[in-house]
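The chain below stands alone, shown as structure tokens; this is the form predicted on its own.
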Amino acid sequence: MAQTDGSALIAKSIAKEGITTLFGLAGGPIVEIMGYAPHYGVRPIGVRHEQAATFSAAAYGYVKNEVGVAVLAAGPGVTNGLTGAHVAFDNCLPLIIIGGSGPQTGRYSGTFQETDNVPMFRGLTKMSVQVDSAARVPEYMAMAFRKAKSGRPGPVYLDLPSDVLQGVVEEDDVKWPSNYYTDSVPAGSPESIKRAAELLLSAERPAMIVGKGVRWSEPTEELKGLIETLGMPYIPSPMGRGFIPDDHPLNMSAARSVLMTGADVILVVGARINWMFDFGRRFSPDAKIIHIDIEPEEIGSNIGVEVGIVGDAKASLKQLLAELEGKTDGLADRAEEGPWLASLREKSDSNGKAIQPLLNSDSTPIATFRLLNEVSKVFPRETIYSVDGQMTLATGRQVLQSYTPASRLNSGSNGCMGVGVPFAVGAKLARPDAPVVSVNGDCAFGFNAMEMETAVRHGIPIVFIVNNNGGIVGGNLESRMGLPEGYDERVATYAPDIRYDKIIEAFGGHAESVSDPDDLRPALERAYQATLEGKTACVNVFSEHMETMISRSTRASALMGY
């Protein structure tokens, strides 16, 4: 009889789920998983740091609408993945982290890289367990995939001791679970749907908020149909963009604050009313909230709701549209001509005009608004943007547009820096036909800049852009506190004129450095062309110093209502 081991069963389990890519850094005792993976049709992507493995896997899953998989070596390799679990947990991204550990037979004896991993991950995952035998690997893997993608998605940690991975079993004795998913999706209760429809029909100033939670059912037609049927303006969360194209005339992101404070009925779909929406404190006290979410405990969090609909976004929106059918004649036209949309459009137009000088600035060093405006003109509509940093992210939110589902990646609700480069790697592998652009502040870029080598080595054509403003905003100590006399050691600003593009040049990628605003577009066009030819590119842009950037972006953010 043929025999197999735990590592092979892990690889085969991943393949059985239809997953074709995993991310990891080869090391004991998980190296054999990466070795077996190609034999089952799974491509292992070897990264430079385990944190990047979890980030790339999370982005891959989000963009491809499946579960991302990361495998981490024992000890420090596993602990390096904790931040990735935190990002996935906080942003509800389905991710399976497979971590190696010392042998079960040597527990608490001081074996090499022995750590008690399961408790560390318990507060950052939907499930954190240790696999107890090679024979049960398929059972645990099925459990992990079901847990990661069911209901509200999230990360799962599986701890694999070395003796479990190396344990040998008879192939014929292995039990492979089947039929462990349901095809049914939870729908909203008819009573709640009816009440929501009544509120929307009677609203004078309706509005909708779209969150990234809609990704998993992708109700693009339903979202668009609803806003157009009701003439209802909407705003997306930062990663909720693109499910309705950003250039839709009912997108009022540029009048975000006016929409939130003025709406009398607000439909929230797949979004959490957390700090991104000021916990609902900017909503009118009289506003009636309709909240659709697959997670019951999310409804009513931070703000009371008039109607809570627990259900799948697509299914619930279909129900709502059916309930509205035949009852909205002329409503879209009346709303179009009414004072509510007129006031939002007026504010949106005035805010847009206010930032035009920044978008077209010829100042040097280069204005960040000008940089991102040129990016928006060079790359096509289907581009996936991974944006990282603080001021770079804030400016990108106002300038870069998204037009397709799951085409906007950023630090998400926990503001983790360092995601931009590895997120782009995962995104490009998930959607290889779409251009992928990673825009990073110089500080954020530094966290995982070496993953550009990962992209070059694996032939992953991405344009990496460094907004090189010479420092970090969050630690802007030098300007706020001043420096003692004779003390010249800089904490929050970096050495001037760093050529980050030289890093990718050393790896064999396409490198550009720009200091003149007139050179921006040609450099970006050459970088884009390089990716079309299969090369990875980096454009280093010497931009306005962070203090100037803070002033401009804060002023623009105030105008835009952020």
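Sequential numbering from 1, following the sequence displayed. Just so it is clear, the structure is predicted and the values come from calculations on it, not from any experiment.
What follows is about the form predicted together with adenosine-5'-diphosphate (ADP), which we do not show.
When contacts are judged by a 4.5 Å heavy atom cut-off, Asn274 counts as touching adenosine-5'-diphosphate (ADP) in the model of the complex.
Interface membership of Asn117, defined by any non-hydrogen atom within 4.5 Å of adenosine-5'-diphosphate (ADP) in the model of the complex, is ruled out. Contact check for Ser217: a heavy atom falls within 4.5 Å of adenosine-5'-diphosphate (ADP) in the model of the complex. Heavy atoms of Glu295 reach within 4.5 Å of adenosine-5'-diphosphate (ADP) in the model of the complex, making it an interface residue.
Stretch 263-271 is the contacting one of 155-163, 369-377, 263-271, 194-202, since its residues have non-hydrogen atoms within 4.5 Å of adenosine-5'-diphosphate (ADP) in the model of the complex. Just one of Thr125, Thr383, Gln319, Ser237 comes within 4.5 Å of adenosine-5'-diphosphate (ADP) in the model of the complex, counting any heavy atom, and that one is Ser237.
Checked against adenosine-5'-diphosphate (ADP) in the model of the complex, the residues Gly311, Pro94, Gly418, Gly242 give one hit for a heavy atom within 4.5 Å, which is Gly311.
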